[in-house]
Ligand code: PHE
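Next comes just one chain, in structure tokens: the form predicted on its own.
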């Protein structure tokens, strides 16, 4: 294995793992699904699930990575008992990260476009904002490809630097920068009358708005916001110092990830309520509603829009880096490729498929890239949400709970957790987490 691996500092690991967990789901998806499902009660279910199940799975994936000290496939193979080496195939869950990047990088490209709009001029009415986004989404494939390429190149340059000079150094800069931006926006928003309304909306639960669908979405998002089951956290944990406290690190990552989502929600809802917007606009909340609100603030609004979309870009890119690194590490460890070669071919693969994803939603190109009623974009996103990520979560829970020797797991956690906390965590991994993830996957498939 590349000797540079296993050189994360403790702070570097926490910030890099936070960067892996924090993504567009925190700043884009969490606020809009909170808005759609009524606010406070949804947030409460989300927070409880993060604490009881999401963090448990996160720590379990970290245990595999730190103990294995290798790529995902090799870690499963190393830790499985002699007669159960077939578990190495569970390590191919890292492929999910590359699948995600085929459309995730495209969405990051949209954010770059809106950064450009912050300079060029924001739409001033909802109708204009819808037209701007619809034009980008369905009628400007070559513009999308250009911004998609910028995203690919940024991620590739960081990955070429390796664990220490690339991933850790980038996250040591970008995660504090992201927090600085969001806390600055939050401080600005506290001066609005809408801030009090945002607080009440997010933290005063109205259980009359909490239906079964809202509960499923809250629990599902709490699982997947932490990037569990795709090999990112496992790969980063393989680069941890020997005596790291996984329990403390896992809780810190879960806390930071949740904090950023809550701050983003407060900022967005404060602006919405201050200027007469409504929170239930769905996926268009950030790309349609907010630009119009920013435009109402004149020059200051353009600056705020620039800062906000920069925060989104940072969140997306730090997460994107972690999605590609597991593939790069596998190609280095198992196939003996040089990092430059591994980064080049990984990047080229998801860039090319990303181009097809863009064409699948673009007028004039979509017909051969539509399957049933789903574009390639929709099909890939559906496969990740409904199958690949749940499968990864279940495999991790089963492996740590039933396949790894208990004394190995205890060796990593018992001294930091204490006996009773460990027993609760181990029970969750063995019984609660697998059933919960399986139920969510079944529900998602039936909803679709």
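Not measured: the values here are computed from a predicted model. Residue numbers count along the first chain shown, from 1.
One more form of this protein should be noted, the form predicted in complex with phenylalanine (PHE), which is absent from this view; the next part is about it.
With the partner removed from view, the residue among 267, 253, 230, 155 that has a non-hydrogen atom within 4.5 Å of phenylalanine (PHE) in the model of the complex turns out to be 230.
Out of the listed residues 133, 224, 330, 309, 224 is the one that sits within 4.5 Å of phenylalanine (PHE) in the model of the complex by at least one heavy atom. With the partner left out here, phenylalanine (PHE) still marks one of 96-104, 188-196, 211-219, 337-345 in the model of the complex; by a 4.5 Å heavy atom cut-off that stretch is 96-104. Remark: residue 144 does not count among the residues lining phenylalanine (PHE) in the model of the complex, judged by a heavy atom distance of 4.5 Å or less. Using a 4.5 angstroms threshold between heavy atoms, residue 24 counts as touching phenylalanine (PHE) in the model of the complex. Though the partner is left out of this view, residue 75 does not reach within 4.5 Å of phenylalanine (PHE) in the model of the complex, counting heavy atoms only. When phenylalanine (PHE) is considered in the model of the complex, residue 322 lines it closely, a heavy atom lying within 4.5 Å. In the model of the complex, 389 is the single residue of 370-397 with at least one heavy atom within 4.5 Å of phenylalanine (PHE).
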